[in-house]
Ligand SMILES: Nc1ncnc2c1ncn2[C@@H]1O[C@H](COP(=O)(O)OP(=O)(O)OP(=O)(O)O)[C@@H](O)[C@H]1O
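The chain below stands alone, shown as structure tokens; this is the form predicted alone.
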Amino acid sequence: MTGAEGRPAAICVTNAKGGTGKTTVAINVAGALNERGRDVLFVDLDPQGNATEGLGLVEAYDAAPPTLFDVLTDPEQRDALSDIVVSHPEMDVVPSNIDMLQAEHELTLANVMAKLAADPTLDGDPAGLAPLTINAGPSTVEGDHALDALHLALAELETDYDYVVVDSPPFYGQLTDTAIYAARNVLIPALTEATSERAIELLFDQIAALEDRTGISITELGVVANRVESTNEDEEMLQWLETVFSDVPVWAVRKRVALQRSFSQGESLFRYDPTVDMADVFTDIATTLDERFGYVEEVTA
């Protein structure tokens, strides 16, 4: 069974607050799904390429075009997504690239072009913005927004996957909205500290605004409380998360050096050292996702 429209089940791991360990969570969720026998495509949408580095694919970050930037900003190159997929022992990866540093600017202007073209009451010529972009132009933007670039590119994939896991940028903007729009399902990493409350509230606002603007529905799959320690603040924040997200699971990932070491080795915990206790938490996340998306049996190698 797959997600909507016969596509792979897609998950966006997102939280605009920096330092939540978002990329580590994304890699280990993907690793856990792979451990259960699922075919996973990991998409690194963060221009900084942290996941690309954390999967041992640093050279791909400096690869020549076409890159993920071209796939997202030039409709004629959407079918190039399959060509830039890189193999990893645990999953296939669409790496980020240094060109992605221009993606936020490009997609922002593409969105403005779409708004101007769709609303005749707005004063402005979309063509006037074309000299400010690299790939995007009035003829490349359809509809009243340009947030569907990744969604459309994933539809061009030549390989069938069970899951697509998207690691979003650690900031609010067009790229993050593009990631959420493509996935329609979010998994939220959060730290068990008071500053997370504001970050969660802002994420709720972002999701509500995206739903209102595009007419899509976005599902919260659960929260991963990350780097949890044995302090009163941590325990109080766990209780707060469980109250706020009473309808979805809240998983607690305790702080472990092995998680950082596996990242440094370019692999998930399951390949680095599956005996680490936190592997069980990520296995539970993967099992819950399988149940949610209809993959009820674990596939053995």
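Numbering starts at 1 and follows the sequence shown. All values derive from a computational prediction rather than experimental measurement.
Missing here is the form predicted in complex with this ligand; even so, the following discussion is about that form.
Not one of E53, H88 and S96 comes within 4.5 Å of this ligand in the predicted complex, counting any heavy atom.
Using a 4.5 Å cutoff between non-hydrogen atoms, D46 counts as a contact of this ligand in the predicted complex. Taking the partner from the other structure, this ligand in the predicted complex has a heavy atom within 4.5 Å of a heavy atom of N226. In the predicted complex, at least one heavy atom of L259 sits within 4.5 Å of a heavy atom of this ligand. Residue contact with this ligand in the predicted complex: P170 places a heavy atom within 4.5 Å of it. Residue heavy atoms within 4.5 Å of this ligand in the predicted complex occur in exactly one stretch of 233-241, 246-254, 34-42, 60-68, and that stretch is 246-254. Looking at 16-31, the residues that come within 4.5 Å of this ligand in the predicted complex, counting any heavy atom, are K17, G18, G19, T20, G21, K22, T23, T24.
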